[in-house]
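A single chain, nothing else alongside it, follows as C-alpha cells in the form predicted alone.
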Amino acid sequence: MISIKEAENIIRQNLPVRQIKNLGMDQLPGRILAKNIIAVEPSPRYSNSAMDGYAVRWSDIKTASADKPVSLSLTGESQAGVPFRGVLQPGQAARISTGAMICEGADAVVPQEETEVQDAVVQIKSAKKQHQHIRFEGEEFKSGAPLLTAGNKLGPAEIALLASQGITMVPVFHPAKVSVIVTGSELVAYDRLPKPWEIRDSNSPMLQTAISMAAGEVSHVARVGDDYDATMNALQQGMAESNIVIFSGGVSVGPHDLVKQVSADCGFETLFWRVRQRPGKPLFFARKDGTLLFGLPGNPVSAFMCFQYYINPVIRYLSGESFERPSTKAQLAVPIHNKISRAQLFRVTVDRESKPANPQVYPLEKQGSHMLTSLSDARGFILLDVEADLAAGEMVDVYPLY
C-alpha cells in the first residue's frame, strides 16, 4: 500500500493536458476562461450623458445661479439612439436623455431639476463644473485594454462585458468528459424492486451527481455484471467517449473483481493499487495515453470519499480550476484519536451557530463504508493521519463534501 500523499502525487504527475475550445455565448456560463481577453473597442463607445437634462456650453452657463439664471435657446434634442446632428452654438442648448450622445460643441450637462423651460427657452439655475454629468468615450477602458484574465469563471457580469464588446466566441477550458461504469451482478436499477439477493444501484446516480457538481460532463454510464466481456465492452466504450473512466466495484482481490485485469488487457498502465486509508483502501489508478482510469471500491461511502478526495480535483483542474482542495478552519469540540494503522477521511459535522467566528467540529459516530448516512449527515471531512491524537480545541482543516 502507498500513502495518501503518494497517491495524490502520482495523480498530479499524470494529469492530462487541458483542452481548450472556442464556445459561443450560450455555452459560456460557468466555464473558465483559457486566454486573456482584450477590449476591441472603448467603453463607453461614445461620450454620453449621465442625466436627463440639457447639453450646454460651459462658457455660456458658468456664472449661472438660482438668483441669476442663464437663458439659452433650445435648438434640438439628443435621444438615446437618436443623436442631435447639429453643432451647439453659443447661447444654445439641446435637450438630452440619459445615455444619449453628447452634442458636438457641448461640454456639460445640466440636470433637468436645475432648469426651468418656457416655450423654446431653458433657464439654467446651477453650474457646478465643466464636463459635469458627461461619461466620456473610453473613460472606463480604451481599445486594447486588458478586459478579462485567463482563469476567470464566466458568470453574468463577465458575459455581459463580453456581449458589450460584441465578442461572440471565447476560448475556455473544456470540461472533463467522464464515464461511469458500475460493476456487480447483485446490482439493479434504483427504480426497480430488488430480489432478496440483489441491491439497488446508488453509486451510479451518486457519481453522476458528483461529476456534474465538480463541473464535469457525464458522457457514458453503464452497469455491468461480474463478466469479463461485458466489463471490457463497457471500458472500450467509456474510453471512446471520455478522458476519465470511473469504475465502481471490481477492484478488490476476489475472483469476480475484474477491473484490474480488463484494464491491463486494454493497454492501461497500472500506476497504483491500494492506499493506506479508510475508507477506500483498494483504490486503483491507471492510465492509457490521455485517458485516466480510476477504480473505486463498491461500497458507496468508500466510492464517494475516493471520488471527492482524488477525482474531484482532477475534474476541476481539467475545467480550468486549481487542483488544490478548498478547506476551512474549524475547532475540534472533542478529542479525536486515530486507533487504526491507516489514515482516515473522517466525516464530521460542523456547528456554526454556537461560535460562528470559530465553528465547532464534531465527529460522526457512524463511519462505516456502507453507511450512506455518514455522508448525508456530514458537513465535511478531515484528514486524520496515522496515529493522529487531536485534542479538543485544536484547529483542523475541514474539506467540504461537495
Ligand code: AMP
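This one's a predicted model, so the numbers in the text were calculated from it and none came from an experiment. Start at 1 with the first residue shown and count on from there.
Absent from the display: the form predicted in complex with the ligand. The rest refers to it.
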Report whether the minimum heavy atom distance between residue 299 and the ligand in the predicted bound form is within 4.5 Å. yes
Classify residue 331 as contacting or not contacting the ligand in the predicted bound form by the rule of any non-hydrogen atom within 4.5 angstroms, answering yes or no. no
Any of the heavy atoms of residue 280 lying within 4.5 Å of the ligand in the predicted bound form? no
Considering only heavy atoms, tell me if residue 265 and the ligand come within 4.5 Å of each other in the predicted bound form. no
So if I measure heavy atom distances to the ligand in the predicted bound form, which of the stretches 176 to 184, 229 to 237, 309 to 317, 94 to 102 falls within 4.5 Å? 176 to 184
Assert contact residue (the ligand, in the predicted bound form, non-hydrogen atom within 4.5 Å, options 157, 163, 199, 121) equals 199
Assert contact residue (the ligand, in the predicted bound form, non-hydrogen atom within 4.5 Å, options 252, 261, 126, 152) equals 252
Among 203, 248 and 257, does every residue place a heavy atom within 4.5 Å of the ligand in the predicted bound form? yes
For 306 to 345: residues with a non-hydrogen atom within 4.5 angstroms of the ligand in the predicted bound form? none
